[in-house]
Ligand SMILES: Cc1cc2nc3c(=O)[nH]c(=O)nc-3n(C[C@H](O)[C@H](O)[C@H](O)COP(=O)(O)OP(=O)(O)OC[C@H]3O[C@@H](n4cnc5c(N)ncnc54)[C@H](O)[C@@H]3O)c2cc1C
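Only one chain is given next, in structure tokens, and it is the form predicted on its own.
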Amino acid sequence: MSQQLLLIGGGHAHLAVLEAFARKPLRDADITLVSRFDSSFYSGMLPGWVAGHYRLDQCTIPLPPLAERARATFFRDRVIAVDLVERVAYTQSGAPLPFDVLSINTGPEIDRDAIRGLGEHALSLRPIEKFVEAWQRLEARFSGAPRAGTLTVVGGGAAGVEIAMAIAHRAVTSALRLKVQLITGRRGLLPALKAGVRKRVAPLLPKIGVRVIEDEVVAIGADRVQLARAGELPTDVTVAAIGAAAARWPRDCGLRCDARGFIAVNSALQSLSHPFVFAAGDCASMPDHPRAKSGVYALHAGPMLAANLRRALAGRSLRRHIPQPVALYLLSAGARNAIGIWGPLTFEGERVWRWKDRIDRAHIARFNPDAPR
């Protein structure tokens, strides 16, 4: 009887897993991929798409064809619970999905309770697929509008900065009638990055049309945000870019998680509590080798995850995966301009953008050979 491998989520690592199984099919194992979306939007191209540099079909990877090439069955559904004793996952529609080995690579969520009113009145960057749908509605609402609206981005990290610059660029290069303000939080602009990056970004923001406010948002309403020090600010749209949060169901089902709720794994990407469970990407945490939440690490983990899933199904010993200590970051800066970060080094310009563009397009082409160029 064939063993059952269940892949939950269509994240970066699972794309590489499916690619590996397409090249070399699994023996005596049936693969099921379940994802709440039928395509994977590449997060690295989101600012470029919002800024108008790409079409939607240039940034997405359809999951059913990728699953078919890997001889996997695709289910579009959302997993809401897992029984680790019976080894069955349950979806929102009620479908039971049995497994012998489970791999989890779901994207990050946003803590809807982090700020009062966020869940009711803010548009979240995560999941990206939901943001993409909402952004298309916003474009229709404010394109050629009789008056300019105010869009407020909450969060001064890389995601908030990139999306604020992308929207501001789109506003000055199209009929989109939006003014953009960025509220960084008490830690200020790009607190997790080096001072050299902040020195490059800080002057770009007002130049591109982004008003920067260093204050803490304590509440979000339908038409205003409440700040800790500066009172209320009117807003027509609020976008929350406050960082990754963990889904609740992994902890609820009994998987060992870190203090923030992310699935704790060892260097083989294997759960510390349940050896038949694997996890990679933003949903996972490696206590012995902590790294920032970034798609870069998920992509690099994918081939090793595929190898260890193959080995686990065959009852063989697992291989170790140690994330690289330094990762390359390329931040979009609105126009066809980007800022590169490699350890302590920073660099920017149109050439950096072209470099990023080549990397991003190659990523899409790797998993979606039919994507338009």
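As the structure is a computational prediction, the values presented were derived from the model and not from experiment. All residue numbers are counted from 1 along the displayed sequence.
In what follows, reference is made to the form predicted in complex with the ligand, a form of this protein that is not presented.
Of the candidate stretches 254-262, 115-123, 188-196, 154-162, only 154-162 contains residues with a heavy atom within 4.5 Å of the ligand in the predicted bound form. Shown without its partner, this chain lists 179, 274, 130, 78 as candidates; in the predicted bound form, only 78 has a non-hydrogen atom within 4.5 angstroms of the ligand. Between the options 58, 346, 43, 337, the residue in contact with the ligand in the predicted bound form by a heavy atom within 4.5 angstroms is 43.
When contacts are judged by a 4.5 Å heavy atom cut-off, residue 296 counts as touching the ligand in the predicted bound form. In the predicted bound form, the ligand lies within 4.5 Å of some heavy atom of residue 8. Using a 4.5 Å cutoff between non-hydrogen atoms, residue 35 counts as a contact of the ligand in the predicted bound form. The ligand is not drawn, but in the predicted bound form it has a heavy atom within 4.5 Å of residue 106. Shown without its partner, the chain has 249 as the single residue in segment 249-266 with a non-hydrogen atom within 4.5 angstroms of the ligand in the predicted bound form.
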